[in-house]
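So this first bit is one chain, no partners, the form predicted alone, shown in structure tokens.
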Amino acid sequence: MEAELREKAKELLGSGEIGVVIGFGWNKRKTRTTPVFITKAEDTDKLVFNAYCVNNLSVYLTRKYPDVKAMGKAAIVAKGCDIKNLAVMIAEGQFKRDDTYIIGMTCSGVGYKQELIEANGGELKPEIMPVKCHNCDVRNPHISDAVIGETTDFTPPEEPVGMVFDKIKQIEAMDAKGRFGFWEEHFSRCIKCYACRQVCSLCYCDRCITDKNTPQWIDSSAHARGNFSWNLVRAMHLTGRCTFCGECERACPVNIPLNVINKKMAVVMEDAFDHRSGYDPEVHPPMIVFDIENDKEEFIK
């Protein structure tokens, strides 16, 4: 699989069609993978793909990284879950489909914790994979210019499984006071580092609402009011857009269960609008369009 990936990257760079290949490479100790930017055909041997390739590299195609775009047309190594973000970005006009070459990688899942994979003899067992992998329906890339790897016959369960969905059910069973207390406890740990924003390819605004102070929309200090404002506003901004890639929760240094709130909003969107983000770059998220013919809210009509 890696040999095929490297050959494709070498071909693209050698032809001059692509200026940079954004992919995964080993860190110095070969214990984690890290994003790499390959601009020369002779450097394509640095590319790897394995169970440690967790990062969602689509973030490097946003306006946060102008230096990457300056390298020329990019080819990006992307798992199916990463491609979902690319689809949303294309739908929202962040770049045109022809602007990026997508190297889709078939995927059997990833593991967040290297020590757990090593403890299992290098085998990636379901219990050490994130919830998104348990329920993944894009292990075979659904949007790509080239597909690397053997097609997988994995079929996700009819009813989603995993602790994120268990926690959603648990919270839904609480009364209003219990739900408020649950999020109050978790948001109290927020230190306003904005790692969740920085790692998210769908948080691409040139100037985030948190950085605006005339007027001050969100309190900048890490106290209860500011923490609630930031986390709830971000959740609303991702409603109908979030693809459940899980990078925000993975990046959070204080372990706020961001996957829970984001996935809950995604479930609401599917129930209300029959919308699932990241599958079709021609479909706009329902919260940013007005469809008078099909909107279910009678008062709008």
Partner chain sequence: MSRIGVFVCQCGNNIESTVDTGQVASDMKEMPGVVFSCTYKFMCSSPGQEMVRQAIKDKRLDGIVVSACSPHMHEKTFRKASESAGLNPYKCEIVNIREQCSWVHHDTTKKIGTRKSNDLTRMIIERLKKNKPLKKINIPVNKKALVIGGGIAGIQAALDIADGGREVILVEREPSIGGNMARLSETFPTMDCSQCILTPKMVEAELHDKIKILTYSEVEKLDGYIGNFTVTIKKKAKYVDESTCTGCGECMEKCPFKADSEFELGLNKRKVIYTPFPQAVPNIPVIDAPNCVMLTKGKCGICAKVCGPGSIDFEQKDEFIEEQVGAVVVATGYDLMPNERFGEYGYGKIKDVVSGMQFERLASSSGPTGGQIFRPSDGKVPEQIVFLQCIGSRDEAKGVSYCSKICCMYTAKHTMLYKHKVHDGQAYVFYMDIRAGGKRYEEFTRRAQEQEDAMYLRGRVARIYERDGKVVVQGADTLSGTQVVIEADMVVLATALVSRPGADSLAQKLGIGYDKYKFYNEYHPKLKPVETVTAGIFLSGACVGPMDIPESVSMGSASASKVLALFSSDEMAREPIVAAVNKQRCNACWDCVVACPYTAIEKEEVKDRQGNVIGWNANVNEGVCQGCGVCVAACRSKVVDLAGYTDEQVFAAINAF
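Numbering follows the first chain given and starts at 1. Predicted model only: the values in this text are computed from it and were never measured.
Heads up, the form predicted together with its partner chain isn't pictured, but that's what we're talking about next.
*Asks:* Among 30-38, 235-243, 259-267, 44-52, mark the stretch whose residues have heavy atoms within 4.5 Å of its partner chain in the predicted complex.
*Replies:* That would be 235-243.
*Asks:* Note which of 151, 155, 221, 216 lies within 4.5 Å of its partner chain in the predicted complex, where distance is taken over heavy atoms; exactly one does.
*Replies:* Exactly one listed residue reaches within 4.5 Å, namely 216.
*Asks:* May I ask you to choose, among 163, 209, 147, 171, the residue with a heavy atom within 4.5 Å of its partner chain in the predicted complex?
*Replies:* For this set of options, the contacting one is 209.
*Asks:* Is residue 92 near its partner chain? Define near as a heavy atom within 4.5 Å, in the predicted complex.
*Replies:* The answer is yes: residue 92 has a heavy atom within 4.5 Å of its partner chain.
*Asks:* Taking its partner chain as it sits in the predicted complex, is residue 276 near enough to touch it, meaning that at least one heavy atom pair lies within 4.5 angstroms?
*Replies:* Answer no; every heavy atom of residue 276 is more than 4.5 Å from its partner chain in the predicted complex.
*Asks:* Might residue 204 be said to contact its partner chain in the predicted complex, defining contact as any heavy atom within 4.5 Å?
*Replies:* It does: once its partner chain is placed as it appears in the predicted complex, residue 204 has a heavy atom within 4.5 Å of it.
*Asks:* With the partner left out here, check for me: in the predicted complex, does some heavy atom of residue 10 sit within 4.5 Å of its partner chain?
*Replies:* It does not: once its partner chain is placed as it appears in the predicted complex, residue 10 has no heavy atom within 4.5 Å of it.
*Asks:* For the stretch 52-82, I need every residue with any heavy atom inside 4.5 Å of its partner chain in the predicted complex, listed N to C.
*Replies:* 63, 69 sit within 4.5 Å of the partner.
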